[in-house]
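Just the one chain here, the form predicted alone, laid out as structure tokens.
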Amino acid sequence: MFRYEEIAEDLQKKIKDGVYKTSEKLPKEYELCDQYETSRTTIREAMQLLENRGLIFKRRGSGSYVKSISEEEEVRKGFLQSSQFSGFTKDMGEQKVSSQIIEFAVVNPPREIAAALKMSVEDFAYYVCRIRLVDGEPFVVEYTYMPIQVISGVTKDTVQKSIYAHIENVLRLKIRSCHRIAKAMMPTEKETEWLAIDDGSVCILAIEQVAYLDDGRIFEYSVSHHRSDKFELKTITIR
């Protein structure tokens, strides 16, 4: 984890714990620099991350303030969905996340996926199909492609844990943004089994995602099939 991310996590925890309350002004940049013994650039990156998560807002010439989060439950869960792009493991906070690997292989991606990844069908990509479990209960099936020329060194052990942690902490790459499309659909017979869906009327929420590094390279195409009775997609739009 980068230093600015550590600072953002600490500030987020303080917001969650009520150290900084709704509408309260956060300390000035130089005060945070002294507090965390770091540079202004690092503090600005941390504050930008909190703003992207929808936790703070800036007033020109005044400073940064804690944003009002209307749902008490969202606060209790640590804003798990206020940031829609921190990775499943990090989104689940203190809950135990584990993975059941269905398939892990190096493949030539199908044409439409290669096009989404801006790569050739003759190039190689990791393909991962895995079930993500929270406290032992299946929540989502992930189908992921990552170009080897961008993301290297992925192993079965990596896939068993957090791929995003490998990208950020081992490869030292910065994940920046993603484009997402969400739609409801019925699960396949296999997904019904994998997600332990007993009620045939329960649909899944499919999230199609193309993700980018801070240098503009695409590093992931994925489709995540979430149990609709265990997942809420919440967004915060910042002007």
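Given the structure is predicted, the values throughout are model-derived calculations rather than measurements. One rule holds for the numbers: they count along the sequence shown, beginning at 1. The term rigid core refers to the maximal set of C-alpha atoms that superpose within 1.5 Å between the two forms.
The form predicted together with the DNA is left out here; the points below concern that form.
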| item | value |
| --- | --- |
| The DNA contact in the model of the complex: Asp34, any heavy atom under 4.5 Å | no |
| Close approach of Glu29 to the DNA in the model of the complex, 4.5 Å, heavy atom | yes |
| Residue contact check: Ser39 to the DNA in the model of the complex, 4.5 Å heavy atom | yes |
| Contact test in the model of the complex: Thr192 vs the DNA, heavy atoms, 4.5 Å | no |
| Contact check for Phe104, Arg130 and Gly153 against the DNA in the model of the complex, heavy atom at 4.5 Å | no |
| Any residue of 144 to 174 that, in the model of the complex, places a heavy atom within 4.5 Å of the DNA | none |
| Ala206 C-alpha shift between this form and the one not shown of 2 Å or more, rigid core reference | no |
| Glu29 C-alpha relocation of at least 2 Å between this form and the one not shown, rigid core basis | yes |
